[in-house]
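Only one chain is given next, in structure tokens, and it is the form predicted alone.
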């Protein structure tokens, strides 16, 4: 006989599995600006570079999501990197090529690319 506690335990295990599977507990978080103005500036292509790297296994322990408008239209597309124990880094005027550099240099090697950082 299945008890209510058994049902709760099963539901909890499923929820934890979903949380881990979606990367919500990752130590690195990447947020790509996807407001309408940022999409017009090319952020959908930037997002695709990060998605492809994650899906091909080139990035591990990374949570990728979109963010809304930050009011910096002159610096779009923007990408924000948040890592456990470090200050957030915001990059501006990101192209697909720069997104690949962010993957290779910042996310894989820990090198902040200072010339692209915005306040």
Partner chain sequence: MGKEYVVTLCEGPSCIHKGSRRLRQLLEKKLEKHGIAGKVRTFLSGCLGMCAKGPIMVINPGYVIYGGVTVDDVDEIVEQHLIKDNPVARLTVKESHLYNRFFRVFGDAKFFGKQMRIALRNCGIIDPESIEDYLSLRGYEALAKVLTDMTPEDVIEELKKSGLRGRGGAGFPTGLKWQFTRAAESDEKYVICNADEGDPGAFMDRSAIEGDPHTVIEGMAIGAYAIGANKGYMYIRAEYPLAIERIQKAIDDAKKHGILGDNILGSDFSFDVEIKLGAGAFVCGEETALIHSIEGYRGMPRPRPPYPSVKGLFDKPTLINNVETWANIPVVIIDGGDWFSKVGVGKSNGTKVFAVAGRIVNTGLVEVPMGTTLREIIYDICGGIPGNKKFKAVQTGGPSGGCLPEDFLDTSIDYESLAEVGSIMGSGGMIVIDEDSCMVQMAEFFLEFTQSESCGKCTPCREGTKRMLEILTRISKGKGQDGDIEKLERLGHMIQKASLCGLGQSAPNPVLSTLKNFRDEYKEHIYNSKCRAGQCKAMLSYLITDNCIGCGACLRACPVDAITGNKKEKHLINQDICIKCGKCYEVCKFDAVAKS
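Residue numbers count along the first chain shown, from 1. C-alpha atoms forming the largest set that superposes within 1.5 Å between two forms make up the rigid core. This structure is a prediction, so every number in the text was calculated from the model and none was measured.
Below, we turn to the form predicted together with the partner chain, even though it does not appear here.
Enquirer: Would residue 57 show up as a contact with the partner chain in the model of the complex if we use heavy atoms at 4.5 Å?
Expert: It does not: once the partner chain is placed as it appears in the model of the complex, residue 57 has no heavy atom within 4.5 Å of it.
Enquirer: Decide whether residue 48 counts as a contact residue for the partner chain in the model of the complex under a heavy atom distance cut-off of 4.5 Å.
Expert: Output for residue 48 is no: heavy atoms all beyond 4.5 Å of the partner chain.
Enquirer: May I ask you to state whether residue 109 is within 4.5 Å of the partner chain in the model of the complex, using heavy atom distances?
Expert: Result no; residue 109 lies far from the partner chain in the model of the complex.
Enquirer: Please tell me whether any heavy atom belonging to residue 114 falls inside 4.5 Å of a heavy atom of the partner chain, as the geometry stands in the model of the complex.
Expert: Because no heavy atom of residue 114 falls inside 4.5 Å of the partner chain in the model of the complex, the answer is no.
Enquirer: Is there a C-alpha shift of 2 Å or more at residue 14 between this form and the one not shown once the rigid core is superposed?
Expert: Residue 14: C-alpha displaced by 2 Å or more between this form and the one not shown.
Enquirer: I want to verify one pair: residue 20 and residue 55. Are their C-alpha atoms nearer or more distant in the model of the complex compared with the form I supplied, knowing the change is 3 Å or more?
Expert: Compared with the form shown here, the C-alpha atoms of residue 20 and residue 55 sit farther apart in the model of the complex, by 3 Å or more.
Enquirer: Work out the direction of the Cα-Cα change for residue 16 and residue 31 in the model of the complex: closer or farther than in this form? It's 3 angstroms or more.
Expert: Compared with the shown chain, residue 16-residue 31 is closer in the model of the complex.
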